[in-house]
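Heads up, the chain shows up twice below as structure tokens, two forms, tagged structure 1 and structure 2.
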Structure 1
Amino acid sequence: MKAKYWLLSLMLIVVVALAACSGGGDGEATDDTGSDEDTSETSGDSGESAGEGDGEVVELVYARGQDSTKASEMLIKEFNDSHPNINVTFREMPSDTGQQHDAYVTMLNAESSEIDVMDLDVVWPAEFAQAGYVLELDRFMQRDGVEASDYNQGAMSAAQFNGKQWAMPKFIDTGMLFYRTDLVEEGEVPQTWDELMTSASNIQSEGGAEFGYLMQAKQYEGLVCNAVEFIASYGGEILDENGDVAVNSPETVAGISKLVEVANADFVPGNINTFTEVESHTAFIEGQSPYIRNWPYQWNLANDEEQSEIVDKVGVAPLPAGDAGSAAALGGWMTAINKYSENKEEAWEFVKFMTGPEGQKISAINGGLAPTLPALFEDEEILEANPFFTQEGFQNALEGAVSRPVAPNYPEVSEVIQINVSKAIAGELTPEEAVAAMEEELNAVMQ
């Protein structure tokens, strides 16, 4: 009898213990009791940090275009190491921003939750907000004391639409001229497009390099940026300050004419109309050209001993001037949360880290990306890694950078510019005809 009682009590203990165990785990295990969407909408008040305290690891997928630098890898590693309950993995998207855009649109139209966090090009937030693809971030910012005023105001306003915040600015891009210090004397850096053409041609014909100049002239978003720079440096514009189409002017024609002249010069690769950032930066770091127009990351890449043949041989200058001065296009990326993500709270933790001071410092040091937090331009380690951040020319380029048109249907606007500029480069339209076609087509899509 005694043995029987003993066995019974043992069974009771086991049953109670099992019940306790399963009860303790229900926070995560029974995740279909409250949809994740609702959790993130309301969990703002709980004050509990995402992914902490329940022992389960939440998997997040972060997408962005191909990163030629080590910045993304470092960001993810630092975040994962300091957030044991969240594991971020990287999804590489096409490096061509237009192709990347289309891939996201396809996924988000299908309400896919495959990706949690993604980087948005500075020209997309209006469209993504209006389409309802991304989560509004104001309440997270307020809850966690993330101050909009700490950020560069231009970058911040590019992430806003209808008075709300849809993404957090991660870095600013501005077009710059990078040159080889072993081929171009410091005092001889070209100041105008005509000087650049002469110098590029001379260096090439003297055998200093295979080519003289590299740019992005494929029919894609990067061509819009190159075109905006030529147009603005000759005093032209695409839209005026009221948002009306103002592209048909002698100044814009002059800018496009110069672009066409440069893109067809003997000193650019014959297939320049297939060049995006990747093709042009690859040729530059392989030592094939004394000059390239590119974004700030070019510096870091050119000084990366594992990839570059021109380490310590690179200088940075403002883009050459046209009749109206030097002009740089405003670019940059911000980070947003997929509205259909099933892990919004953890996604915000990652966005906050990546676009906050710690994350931006990693991006600046390991990727040469220009911070959207102005205070970081005073950080010694960042300046040591990117000495040109203190150059007057760079700061001026950042401040005066020319925006592309802002529109929820920006892809259509961009396409009009891309197609007509490409036709002008190919000689299918004269610059005058290209500008007239742009005027007509922009008026139609801007309705």
Structure 2
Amino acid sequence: MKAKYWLLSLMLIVVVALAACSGGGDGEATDDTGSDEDTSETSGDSGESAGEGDGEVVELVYARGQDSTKASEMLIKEFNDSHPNINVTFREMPSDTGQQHDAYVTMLNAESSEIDVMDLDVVWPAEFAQAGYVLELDRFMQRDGVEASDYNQGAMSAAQFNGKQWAMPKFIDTGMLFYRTDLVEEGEVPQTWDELMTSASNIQSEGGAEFGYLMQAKQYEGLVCNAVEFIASYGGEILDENGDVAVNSPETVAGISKLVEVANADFVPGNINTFTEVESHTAFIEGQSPYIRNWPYQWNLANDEEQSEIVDKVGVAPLPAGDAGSAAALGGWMTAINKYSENKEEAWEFVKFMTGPEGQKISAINGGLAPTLPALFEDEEILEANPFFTQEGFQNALEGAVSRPVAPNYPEVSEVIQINVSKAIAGELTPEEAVAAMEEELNAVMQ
């Protein structure tokens, strides 16, 4: 009996010893807190990636549209090299933004975690936030000392909804006035819409160019951008900061009235209501107009010797001012985290890197993308790669950037604006009638 008890005691000692030495040695992570899948959202006060130093590699998938430059490839490589416990792979989405939007929605409606980080068009964050597709980022920013004030405020505001930040701005685009330096003296660049109309008319009548001004007036998203610029330059707005319909005001009527006046002037093409960016930029680089409203890409296109007839004859300035100053529609792309990602902490590390100084510098040098961190416009390496960024007119235009209406159902809002502004240009509605119709229809879709 003594031998039997001695043997049982020995076996118990061995079992206890083995249990103490195992320590989760099966390679699976353990969680002493018993927390749910959202624990990673607030873990790690030091800002280090979850799992860093434990030898495990977390796989992240980053999705965006086609990138014809090497910027995305280099961003991912630099991040992976500096974060050995995280490996980011790239998933290419459709290049068409509408198709890309629909692909995301299909995936996220199914609560899929197959992608972790995604690029969003500047008008999508509110929609994705309300739908519960993306992760709120304020907690990460506060923890890691990411200051919203360091970023272009127009870009930051485009990713805010219900007082929270849902994405980080990756690069910025904005409407600008490009002009022919051989037809317009530096000190004679129009400062107001009335000055532009006078100058455009004079240059055309004197035979300097076939037209005087080019814009995007087809019924599509580009018309919304032009409308936002005219409306804001006269002090109007479409939705206020609370998301309420605020379009029916004397200021908005004044903006729409000036847009209609310009679009129907003798110095614009008679078929301006068919012009998108392609038609307008083509006419400009063929030397048909001294002025064009377009996005920053126009600069490189106008100086492309294989396509352009106006190489080295182009200047840039902010869009003309109305009664309230100059305004330019904000474009660009944001980066957000999938709410259903299983690796939220690591996803934030990648977002923080990509939209921070180091990542934006890579994008600017290798992709020609305008930073959303104004301080980077003083970086010598960025300016050497993008001499266009040194233009005073370019930087001033960025300062006047305003976001399009921030709404969770933006496509419906956009359609209302497109239809009624198009009718005003065509003379089917007066500016007052167009604004009243927008108010009624926007109130309906916003409910």
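This is a predicted model, so every value here is computed, not measured. Reference numbering: structure 1, starting with residue 1.
The form predicted together with alpha-D-glucopyranose (GLC) appears here as structure 1.
Rigid-part assignment between the two structures: residue 193 and residue 108 end up in two different parts.
The smaller of the two rigid parts, set against the larger, turns by 37° between the two structures.
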